[in-house]
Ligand code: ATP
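As a starting point, one isolated chain is supplied in structure tokens, in the form predicted on its own.
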């Protein structure tokens, strides 16, 4: 099964089992907009809690806020979004499809990297234990050819983006002989800039309404509340402000399911530090955030850092945490050192003094900021991508299972009476009552026990609790574990403690601090 086929199966599975639906589907949907179903919203909320607790409970100097989506339009002038929040777009005249020019070039670079890795793998199989990979990468002419193509396009792209040279971006696409994935032709238009912010009106009548924007990021709500939080919370630098909320971008090239959408949710934390201390904190958050990802247990090799060569106008350092999706390594989180750009600009545009008086140094200054910004929707896709498995069992059967970490699984346990009579449903409902106040638990009495196990595997439920006739005799049940499919006999009275230990969020948080 190819990675593309796997991704298509994942999308179908997400809809079939109530994780994610196309928005307004009965009206043929709305491009790049999705709704979360009954299981998707549980998974999403559990991911948000994992992030929120990791920020606000593990760090005594981080607090949270929830700022409004609508903000004064001057906010977006100060932040630079009105003048500079653009994507370089290019159209193919034959397919009438529009693409981001930089993404086309990044895909070309990724293909050259893939070709290099294929050459290395072929050589490894050919030479076996005597294979010297480092020497092969240095001396093989085909590897050298692919690397030369890659580096030439990469270097030209970085310079063109830094210089905002749209004509050069188009020329690189032409020189690299990049074709449209739909038409297969190189009939490209010029590259143009397109602002990504949604506009709307505020006011009682249309004639007197003012133009405002749906926020393209949640960070600015934190910056404009810096003094409110600092003073009311008596916060001392260094300290952070965390927020989870919706953001909106008019993405022309929205793609790859929920990876890039027009309406999405962000989890952001802005950490305020003394000028000069920002790189120490940048490195701290770089490592801490990677620990948060790796604690989920999907494999350290699934993650990597990608340091930015072209920095945003506000940054002096930036890196991405990338995860290996079925469509390749892509960004799930950004860590940026934003300097004093945001607070400094809001001070300038608002005319209000936004400074911190440092009692230790006796100085007043505009703090520097280190940001961590992660997409909730991308995290949902990351979890589903890593968890989806098709397994062949020893008895010749197969199963689809979502091996979602138990702490963030949508349903923690399923309670299953073996038959719908003989008092078994009554015991099952009593077990439900003992667990439902603490966990999302499902009751299921339809179909054979095997089919019910398969349903729970497919939605990622870590534990299945089966009530059978022995339960009437000795008050025990069978607990089946999702990943191993092993079963154990447990006293009903012990179930709350067993479930608590199995699905504990505390264990994940402790991994981060280890």
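Numbering follows the first chain given and starts at 1. Owing to the predicted nature of the structure, the values given are computational and were not obtained by experimental measurement.
The next section is about a form of this same protein that is not shown, the form predicted in complex with ligand ATP.
The partner is not drawn, yet in the predicted bound form one stretch among 330-338, 130-138, 296-304, 359-367 has residues with heavy atoms inside 4.5 Å of ligand ATP: 330-338.
Heavy atoms of no residue among 59, 235 and 239 are located within 4.5 Å of ligand ATP in the predicted bound form. When ligand ATP is considered in the predicted bound form, residue 260 lines it closely, a heavy atom lying within 4.5 Å. In the predicted bound form, none of the heavy atoms of residue 406 sits within 4.5 Å of a heavy atom of ligand ATP. Contact check for residue 345: no non-hydrogen atom falls within 4.5 Å of ligand ATP in the predicted bound form. At least one heavy atom of residue 373 is located within 4.5 Å of ligand ATP in the predicted bound form. This chain appears without its partner; in the predicted bound form, the one residue of 168, 251, 444, 91 with a heavy atom within 4.5 Å of ligand ATP is 251.
Of the listed positions (292, 213, 388, 264), a single one reaches within 4.5 angstroms of ligand ATP by any non-hydrogen atom in the predicted bound form, namely 264.
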